[in-house]
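Just the one chain here, the form predicted alone, laid out as structure tokens.
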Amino acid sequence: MEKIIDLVNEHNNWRRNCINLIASENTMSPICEKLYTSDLMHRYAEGLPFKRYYKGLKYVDQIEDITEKAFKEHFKVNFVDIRPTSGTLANYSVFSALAKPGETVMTLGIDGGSHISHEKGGAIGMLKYEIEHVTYNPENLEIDIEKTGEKILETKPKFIVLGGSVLLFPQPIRELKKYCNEVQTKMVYDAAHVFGLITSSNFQNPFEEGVDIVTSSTHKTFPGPQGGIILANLDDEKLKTRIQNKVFPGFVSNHHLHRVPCLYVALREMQEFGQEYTSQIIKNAKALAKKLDELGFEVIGKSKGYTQTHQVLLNVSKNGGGKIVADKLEDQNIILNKNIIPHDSTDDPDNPNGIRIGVQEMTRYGMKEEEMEQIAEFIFDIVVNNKQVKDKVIEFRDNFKEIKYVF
């Protein structure tokens, strides 16, 4: 037992002394952490509020009902399900409710920034759908609207998935919606990475532009507990029920009740502080990208202003590839991930040509543009100059230990 306790303590101490640039992580507020470790973490619920299979949930039902209503009101939607315990399970639930095995669906493809759950190796493949991909131009990082529209009309997919895992710029939702309407194709938007930006009106609003269903995780630019969520504006009551039934009893039994009050508090935090927080995220991402560019790194999206989200994407093929670069940075307490980049030419999937950087967590600890420039200098010293800067990184990080943008 002592070994496990020691390992957890070592992990906690180490990560507090790291610059975390993983694009899919964030840190909850102290209030959320306190709620997360309440008695709710021991309890079990199946079904919907006030329609449970277990007893002992009279307060849980109220908490969940209040939370769902708060999300409906904020996003102006008529359907919310907070029970998926991950964004991927939210995707499974929605995808399986919209199409049957053997039917055609359309996704972005790896070049276009798909999450693995959108592709053959993940949920889409396991659900045995026929996959078509949008026509994506990796040179200008844009979906070809006309060619993709023609493909929608030709293949008549049951649904198309936008959003994604690598997402630097808005996508042409409105432009593709007219093609989808012609063949009754549902539009799904995986907002996992930009959910916080959308919550604070600092990115395109998928619902306003025509999306039918939004799936998301709740722990990236939205700084809540790890988990998933589904939001929709649907007139089809049978489809709503089908999605709910795919969540439970389909893919989720107990939905980890200690998440729920944290999700509510995170929404309230974003309503109060989110505009300032997410604006700073985008400023920080741009500042980091610009400095990395000035230092000689190949920043994807330079011609379009680098990024409009929390993400920065680098081609590091000349520096040894994504795995080698990520390993070198981790050794110096800078944490990020290797990543496939558009038009990736590598033959080694374990060492793709890119790395993906996210600034949302360090922004929540109070870092601004000046700190992003310093982080770029650290990355340059480690990757290009092979310098040992761990002590400097730890000293730098020590100035940013208190979470901001919280009550």
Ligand SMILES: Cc1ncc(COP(=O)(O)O)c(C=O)c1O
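It should be emphasised that the depicted structure is a prediction, and the values quoted were computed from it without experimental measurement. In this text, residue numbers run from 1 along the sequence as written.
A second form of this protein, the form predicted together with the named molecule, is not displayed here; the remarks below concern that form.
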property	result
Interface stretch in the model of the complex with the named molecule - options 213 to 221, 175 to 183, 291 to 299, 231 to 239, non-hydrogen atom within 4.5 Å	213 to 221
Every residue of Asp81, Ser93 and Gly250 near the named molecule in the model of the complex, heavy atom within 4.5 Å	no
Answer option from Asn333, Gln280, Thr309, Ser165, heavy atom within 4.5 Å of the named molecule in the model of the complex	Ser165
Single option in Gln244, Ser86, Asn205, Thr135 placed near the named molecule in the model of the complex, where near means a heavy atom within 4.5 Å	Ser86
Contact of Gly227 with the named molecule in the model of the complex (heavy atom, 4.5 Å)	yes
Interface membership of Asn17, the named molecule in the model of the complex, 4.5 Å heavy atom rule	no
Interface membership of Arg259, the named molecule in the model of the complex, 4.5 Å heavy atom rule	no
Ala192: touches the named molecule in the model of the complex, heavy atom cutoff 4.5 angstroms	yes
Stretch 21 to 46 - residues with a heavy atom within 4.5 Å of the named molecule in the model of the complex	Ser24
